[in-house]
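There is one chain below, alone, in structure tokens, taken in the form predicted alone.
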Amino acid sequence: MKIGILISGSGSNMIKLIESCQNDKNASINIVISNNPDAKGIDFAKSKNIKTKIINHKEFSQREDFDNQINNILIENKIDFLCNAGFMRIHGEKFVEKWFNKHLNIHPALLPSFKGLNTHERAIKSGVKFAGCTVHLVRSGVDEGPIIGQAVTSVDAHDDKDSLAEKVLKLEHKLYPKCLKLFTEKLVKVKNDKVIFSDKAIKILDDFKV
């Protein structure tokens, strides 16, 4: 499976996905695309001899044109599957349809709670006792789509948004590669927008149960 990754910043989740695929006979990271010319993650991808591409969203007046340019690059590089790793742009409906059930995103909250931005600050203010991250298939709504996996941590009395972000990011780095593995090894199926897990898939995700 040839995988493309979309980033906007440092790409810490991208790094974990690259590392997880280095010795994987079923998958390889073939291109990293960023909408941000200054994204530090591009340098890491280059250091691993992975093809990179900058597609600056500011150069496009229409979101659909930006989406189309990304899609064209993915098709040119024969990409089979797509992962968002801190990609801070919302995809248009047509792009989502083109990559339907072949496109993952990771969100730093336990969806369907706290969609969008400032998740950790909102979690602290709400008084929840548990927080975490979610890997899901991409749909046209913001942070919507069938959930593949979630990882949970406690929200302690002394936590602030920064300490909670640090705890959740550690979970993201563990969860995302495992969820991608479910697809590269064909351990899950999606039917009627519901995820069907094989016994092996359930075992892989068991580490993240509370």
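Predicted model only: the values in this text are computed from it and were never measured. For every residue, the number given is its place in the sequence shown, counted from 1.
Although it is not shown, the form predicted in complex with a small molecule is what the next lines describe.
The small molecule in the predicted bound form is not approached by residue 67, whose heavy atoms all lie more than 4.5 angstroms from it. In the predicted bound form, at least one heavy atom of residue 88 sits within 4.5 Å of the small molecule. In the predicted bound form, residue 123 stays away from the small molecule, with no heavy atom inside 4.5 Å. Taking non-hydrogen atoms only, residue 106 approaches the small molecule to within 4.5 angstroms in the predicted bound form. With the partner left out here, the small molecule still marks one of 44-52, 164-172, 28-36, 148-156 in the predicted bound form; by a 4.5 Å heavy atom cut-off that stretch is 164-172.
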